[in-house]
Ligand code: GLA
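Let's start with one chain on its own, the form predicted on its own, as structure tokens.
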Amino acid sequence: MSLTPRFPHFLHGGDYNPDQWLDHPDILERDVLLMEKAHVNAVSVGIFAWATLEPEEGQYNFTWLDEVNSRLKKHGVHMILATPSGARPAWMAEKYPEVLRVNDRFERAHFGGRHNHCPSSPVYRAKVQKIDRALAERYAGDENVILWHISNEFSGDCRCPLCQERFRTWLKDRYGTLDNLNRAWYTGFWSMGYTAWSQIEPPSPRGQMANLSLLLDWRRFSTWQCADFIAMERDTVKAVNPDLPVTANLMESFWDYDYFRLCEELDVVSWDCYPTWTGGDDADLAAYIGMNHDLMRSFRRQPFLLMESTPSLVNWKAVNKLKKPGMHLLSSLQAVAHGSNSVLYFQWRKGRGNAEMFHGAVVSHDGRDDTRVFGDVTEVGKALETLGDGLYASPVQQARVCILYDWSARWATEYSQVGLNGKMDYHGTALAHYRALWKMGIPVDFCDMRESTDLSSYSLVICPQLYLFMNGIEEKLRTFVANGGTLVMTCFSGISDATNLAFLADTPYRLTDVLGVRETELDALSPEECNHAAFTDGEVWRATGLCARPALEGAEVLAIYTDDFYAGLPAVTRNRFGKGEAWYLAARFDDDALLSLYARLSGSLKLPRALETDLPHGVTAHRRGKYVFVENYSGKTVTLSLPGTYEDALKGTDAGDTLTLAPCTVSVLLED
């Protein structure tokens, strides 16, 4: 599908900040010539340009943006136009201090930085709507403008009086009465009960941090606040032209907001991807980034945009590494393989000063086009043009595997004071299961626990550490297995309800008959400890971190613990239920164990792989239509057999019977 109907092709380009170069017209003229040379066809403009667009209150200056758009248009470069709400000008902070955010110690910020606005401020909302409407009226009808970019990298919370009152209103809508809230939050503990709505404050190290239900609801409220702000901006620009799509750039593995919820307000999902590739064995990092790509694709069940990536290095990590030769093409096409319809960068040209003056860019301070980085970017632009519309119109391979990944479960798990305090690592647990499937080139979707979630199209559903159950997910899982699906559920699942109150029942809640087992106790292992699960065929799995003690309720025992006081208890079980089966993993098992598990299940379930061949360590494959991307993150030269007849889509030659990949390289195979 086309995410940008006005230009239905792969986008290649990135963040462009011409407002920083208005005193260098020669540079602005040269930029578009260099963009043509680098095969750039789209740039994001105006993201942090509010002070230039509105240098004084109510005095708009769009002349420079008109000139930039005209210049880009002449050279075939389309514009992704941003709303400037990510960083407000100094005059606004000085005149209207209420627009500035209040932190978790109830201290109001001063002017500076970005993302420090109050999302509740009527003044700020009015100012944002006014400039957004003015931009839309001027540019939304221009065919060269192909997408709205709403603000930038939403993050954080505000605890000002306005936001506090809005939180209380949100809670009233959610719970209706204080009695309901007190029950849901279990406020009988430590005399936490509320007798007036005005007594409720956001969580703070100066106040309440022990009520885990409050912490969970604050995260939900903050998500709602952000979604509401996005919707306000979206509705403002779409009132002028409802056909121009809207996106907002998300971030990897993000904690602050529930991205499934935010993406309900967007037409297009996009995200900013900044891994530190070493050029050595980057297999684990590649799987982590692959999971993020697949999450982005899963939010709206459609292609996404890679909105930001670096063409070379970043400047904000502890160690800022250049990409090794080949890595830029490999990492860029990794995104395309997982469903991206763009490769876009931060940034086009390095700034002369301030915090990002050394952040990587296509064009450096010297302005040259004969650099290694410029050559790498040009190579990607050519590759996207070569792969062309045939690949652009191709969907990623349909997944028959779904991992349940839910932000409420994540927040509740990591707030919980149990087991490995501060290291319950919901995301890392989900990643470990994803990584095993990634190694085999098996496509994966992600779902959360919303009421509309439908699991019926999957053969395998995986619930890693799904501590919190809500919206009847247990009934959906029960039905899924009864109808012939295979469920894998780990320890520490089905413990609490939607408000983070423990179920007063056997756990996993309402699934003990499906799994044929109930969880009785959870043990935490110190870093130097481990346990093992022994199978009857001699295979042994290693367990670290968490080990549960289960009690059988009819399941078949596949492996037993070998160590400690629970030696001999079930460690891995399988239970037939209806037409399907449910597996229970009583411990947090290592990568080799999970790879063994999913190799077994992929065989019995006949799960499709992108390439039906053995993949060496560090090599994975992903299919998009008839195109197969074979990616080498091992740091070594590898050779693998090809199971069919393929053309090398980038070279236009026959791929042969075997494929040899140098370190940090990718091959795109077109199936005959």
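Residue numbers here begin at 1 and follow the sequence given. It should be emphasised that the depicted structure is a prediction, and the values quoted were computed from it without experimental measurement.
Absent from the display: the form predicted together with this ligand. The rest refers to it.
Of the candidate stretches 356-364, 173-181, 128-136, 475-483, only 356-364 contains residues with a heavy atom within 4.5 Å of this ligand in the model of the complex.
F346 belongs to the set of residues with a heavy atom inside 4.5 Å of this ligand in the model of the complex. Mapping the unseen interface onto this chain, W224 falls outside it, with no heavy atom inside 4.5 Å of this ligand in the model of the complex. With a 4.5 Å cutoff on heavy atoms, E265 does not count as touching this ligand in the model of the complex; it lies far away. Residue contact with this ligand in the model of the complex: Y274 places a heavy atom within 4.5 Å of it.
Screening W316, W190, Y194, W91 for any heavy atom within 4.5 Å of this ligand in the model of the complex leaves a single hit, W316. Between the options R114, K324, K238, K73, the residue in contact with this ligand in the model of the complex by a heavy atom within 4.5 angstroms is R114. Contacts between 152-173 and this ligand, taken as any heavy atom within 4.5 Å in the model of the complex, involve N152, E153.
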